[in-house]
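One chain is shown next in structure tokens, namely the form predicted alone.
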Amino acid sequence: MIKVAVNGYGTIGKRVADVVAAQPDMEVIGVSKTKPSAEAYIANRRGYPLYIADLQNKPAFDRAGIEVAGDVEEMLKHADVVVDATPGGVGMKNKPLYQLLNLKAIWQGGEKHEVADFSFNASCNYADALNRQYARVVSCNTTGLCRIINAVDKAYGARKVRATMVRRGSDPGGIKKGPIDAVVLNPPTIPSHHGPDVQTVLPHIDIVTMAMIVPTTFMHMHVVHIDLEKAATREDILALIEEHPRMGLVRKGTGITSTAELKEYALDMGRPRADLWENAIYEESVSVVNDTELYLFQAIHQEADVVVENIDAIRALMGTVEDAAESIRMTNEALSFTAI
């Protein structure tokens, strides 16, 4: 069993811990919080040993009735690999400790590529991650873009990609963020950072992206245009999407035309936390113009799509499963996950 520590039990960390716990070849040996919180209570209820950054803060946890197993360094000493799900920028500060303990580490997309010098997406570069010491799982938006771009590029060649990210303003629990009543260009300059981030995984792709933030918490929406090198039909692209283990079609027959309805659909499907681990591509939007111009809308669940990628990154770094398709199958099967 691969012993996994989750450093940072927040939006991503708590999901990673639950998905690790569901895997037949992994176990959660600990999770961490910096202060008492509802998530710390849940960690205790889940039976995950809870560690804290500074044991001087233990009395606050004791007063809250939250059991503490020790400090983060103690947790890491028992791990084969750590998934760092701390807030952006904090992960880089944690790296010296991981180096000191000679511990394999996985960071999230909130960190820069340089934290690991290797950015990961299971569908794109799993083989290159085998037995590495460090990896960075790219952000939710980059994950969604990499999946569709790589699949199309392999089948038909992606001569050029242009994409617009319509981004959620906050996660559902993020009460201190906005906007409330505005569409914010983020950034106002073009290109946005998403294109260069895609190129950390797919360096040969010609991509330009732009982004804006809107007042919603549910999901991101992408407007994607790919110029193909080889002719394709709409039916070809639909088949490509259906064959991919982490892309799914939002069927016309569902009547779903919004992210709110899509999240409700995920709830009705019985998904944990209504999580959508796949790219949710709107069937009606998929269009091929003049044989080589592909257009589509895809919804990306910012809290979920990177979670399964972390699981595959664990196996790749540990070298326990050499084939990407097999790891993806194992991860999905443990969650009883088939794409929408």
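Owing to the predicted nature of the structure, the values given are computational and were not obtained by experimental measurement. Note that residue numbering follows the sequence shown and begins at 1.
Although not depicted, the form predicted together with ligand NAD is the subject of the following passage.
Checking 205, 155, 214, 90 for any heavy atom within 4.5 Å of ligand NAD in the predicted bound form turns up a single hit: 90. Proximity to ligand NAD in the predicted bound form, defined as a heavy atom within 4.5 Å, singles out one entry of 150, 192, 108, 259, which is 108. Under a 4.5 angstroms non-hydrogen atom cutoff, ligand NAD in the predicted bound form lacks residue 279 among its neighbouring residues. Although the partner is absent from this view, residue 86 contacts ligand NAD in the predicted bound form, with a non-hydrogen atom inside 4.5 angstroms. For the chain shown alone, residue 246 is not a contact residue for ligand NAD in the predicted bound form, no non-hydrogen atom being within 4.5 angstroms. Heavy atoms of residue 12 reach within 4.5 Å of ligand NAD in the predicted bound form, making it an interface residue. Figure note: of the listed segments 26-34, 283-291, 270-278, 62-70, the one touching ligand NAD in the predicted bound form, with heavy atoms no more than 4.5 Å away, is 26-34.
Applying a 4.5 Å heavy atom cutoff to ligand NAD in the predicted bound form picks out no residue from 308-340.
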